[in-house]
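So this one's two forms of a single chain, laid out as structure tokens and tagged structure 1 and structure 2.
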Structure 1
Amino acid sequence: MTTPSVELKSVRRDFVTPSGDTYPAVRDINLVIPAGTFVSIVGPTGCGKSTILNVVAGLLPPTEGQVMSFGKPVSGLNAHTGYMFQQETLLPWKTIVDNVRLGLTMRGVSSKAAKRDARSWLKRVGLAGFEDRYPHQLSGGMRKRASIAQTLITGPEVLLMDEPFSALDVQTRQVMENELLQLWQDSNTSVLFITHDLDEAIALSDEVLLLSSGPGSSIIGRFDVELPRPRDLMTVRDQPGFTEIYTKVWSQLRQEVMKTYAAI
């Protein structure tokens, strides 16, 4: 068997509150992401979805349990990952091409080579001709394209995405989802995707994981998405199989959402 790109074994992550108490964010998290697969995590607000992403990235060490990436324990930052945050990380004082090449430059790649690769990636995401613009001169969707290029240019084997399209309008969001799928299908990258949008999770993924309400959230549902690939996200929601999987996930997710609001 191929070594999983990510494996979490009985992971728990606690936080210390300002009062000195211990808050259990997630517990008993066991998950395996085979290389080249697209996995989404859904769950109610505050259930620890981003915490799991940060543990995989090596930004947060687990309180208990083990994090593995390609068969080796993660200690410190996970060098196999690229992270696309909900908020844009484009530097406003740099042009788009300089933003995109920044990761390569920090790795010691020459300025000429880094800029050449950045221009190539900007062309791949449909931003040829906009290389010398600044972030404020681009639309929200264009900035997201630049952010994807900025993340993928370093060649991560695992792409971590924390609600990257949540701020976009519906039409732009579907376009960006399609572009993400095209880029992913052309690579062997694994994706761990966080979203509040169940439609988005099902449309993109090979598997959807459901987290329980917090505190101490755990995985309570695993749903294979057996919709054919390649997918056109403009039409995939019309397929009968989409409705079936949506109903299965929502029947459990709804209960967890209600538990969360009842506790407020």
Structure 2
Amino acid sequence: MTTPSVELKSVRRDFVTPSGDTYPAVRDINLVIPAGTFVSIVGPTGCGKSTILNVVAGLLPPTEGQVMSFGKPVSGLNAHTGYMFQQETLLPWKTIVDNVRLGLTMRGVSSKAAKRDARSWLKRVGLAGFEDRYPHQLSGGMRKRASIAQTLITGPEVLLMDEPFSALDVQTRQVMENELLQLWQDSNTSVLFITHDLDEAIALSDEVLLLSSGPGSSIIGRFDVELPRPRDLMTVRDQPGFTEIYTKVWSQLRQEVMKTYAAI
């Protein structure tokens, strides 16, 4: 067995609220992402999904527990990971091509080579011809594509994606999901994908992890998705196995969603 790309062991993360209390966001998080697999985390809003991703990225140290990446403990930023944040992160004062090549430029790649690479990535995500625009001149979906290119250009071994498509309309979203699967199949990356959309999680992943509602959320369900690959997002939902697993996860997820609402 090869070393997993990411491993969390009994991770707990607390926050200090403005009033000085300790708020436990997540606890008892154990997860393993074998190299090259696609794992999703699903859970109700505010349950700590982004927190887990920040811990894996090394942006937030865990309060307790251990974070491993490719067999080594993570201290400081996790250099194996590329992170697509939930928020918009393109630099508004840089053109799209300059945004996409940033990771290479900061690694000392010559501006000519970096630009060439960035252009070819922009073509892959369907943004050829938009190189010299500024982010505010693109639509939300186009900015997300540019962000994907910006993250992937440095060739991360683990891709962390925080609800990347949640702000998109249904059509754009399906196209982008397909593209993501394509990009992932062509590379050897692992993906840790956050979503609150169960349908999306099942369609894309090898494994779906279900997070309970907070405070102190933990993983309360693990479901292997054994639908054949390569998958086509347009038809995957019609496969017999899909509905079966969907029903199974949903019955458990629904209880968690109800708990979240009951708490409010």
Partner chain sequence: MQQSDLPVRRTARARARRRRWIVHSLQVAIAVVILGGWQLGSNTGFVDSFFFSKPSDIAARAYDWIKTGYILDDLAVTLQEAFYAFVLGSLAGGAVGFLLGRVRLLAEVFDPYIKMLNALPRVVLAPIFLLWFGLGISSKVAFGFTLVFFIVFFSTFQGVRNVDRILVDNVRMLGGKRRHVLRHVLIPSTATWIFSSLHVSVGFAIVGAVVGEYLGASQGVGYRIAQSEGTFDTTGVFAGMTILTLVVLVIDLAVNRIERRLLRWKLDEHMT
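Think of the rigid core as the biggest set of C-alphas that the two forms share within 1.5 Å after superposition. Fair warning: this is a prediction, and the values are worked out from it, not measured in the lab. Every residue number counts along structure 1's sequence, beginning with 1.
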property: Structure corresponding to the form predicted in complex with the partner chain; result: 2
property: Is_shifted L77 between structures 1 and 2 (CA, 2 Å cut-off, rigid core); result: no
property: Post core alignment: F130 C-alpha displaced by 2 Å or more between structures 1 and 2; result: yes
